[in-house]
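Only one chain is included here, represented as structure tokens and corresponding to the form predicted alone.
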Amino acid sequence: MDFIFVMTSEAAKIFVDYLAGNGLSMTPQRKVIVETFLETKGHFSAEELLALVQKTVPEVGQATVYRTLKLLVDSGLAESHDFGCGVALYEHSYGHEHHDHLVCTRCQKKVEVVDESIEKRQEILARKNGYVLTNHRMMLFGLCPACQKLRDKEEAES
């Protein structure tokens, strides 16, 4: 039985084209995973995506979500990040402005930042060393303002 899927967003069309170009097809499981991924905002783990998908289709398994996330990354629709918390987190990349991240090492809060002067400096550093940038990521780790206050309070009490 053939399935006909109507996926209306440009990102979904890119994914369908990516699958076709790699000899893969859009299965009902992939469709619900991709739709859920595209509707989910922020940074999330494969397990969090799985939980959201299983609200609609309980029989979708963890391995299918992992494989589909890899396809989403390979197709350019998603990025996978290691924020130092031991779990890969995913976010949308297609149609989203490039950004870097500030990550709190205590509460794991993530802030997306865009700074044109940093972007220009990275280009200069690459050129100075003979590189042509094709991609980059910058993550800055530290304590967010709320965790700084907690740390200061704990230090004052001890």
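One-based numbering along the sequence shown. Nothing here was measured: the structure is a model prediction, and the numbers come from that model.
There is another form of the same protein, the form predicted in complex with a further copy of the same chain; it is not shown, and what comes next is about it.
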query	finding
Option from 43 to 51, 63 to 71, 28 to 36, 122 to 130 whose residues, in the model of the complex, bring a heavy atom within 4.5 Å of a further copy of the same chain	122 to 130
is_contact(residue 56, a further copy of the same chain) in the model of the complex, heavy atom dist at most 4.5 Å	no
Partner contact for residue 144 in the model of the complex: a further copy of the same chain, 4.5 angstroms, heavy atom	yes
is_contact(residue 97, a further copy of the same chain) in the model of the complex, heavy atom dist at most 4.5 Å	no
Close approach of residue 93 to a further copy of the same chain in the model of the complex, 4.5 Å, heavy atom	no
Complete contact of 12, 80 and 89 with a further copy of the same chain in the model of the complex (any heavy atom, 4.5 Å)	no
Any residue of 135 to 153 that, in the model of the complex, places a heavy atom within 4.5 Å of a further copy of the same chain	135, 136, 137, 138, 139, 140, 141, 142, 143, 144, 145, 148
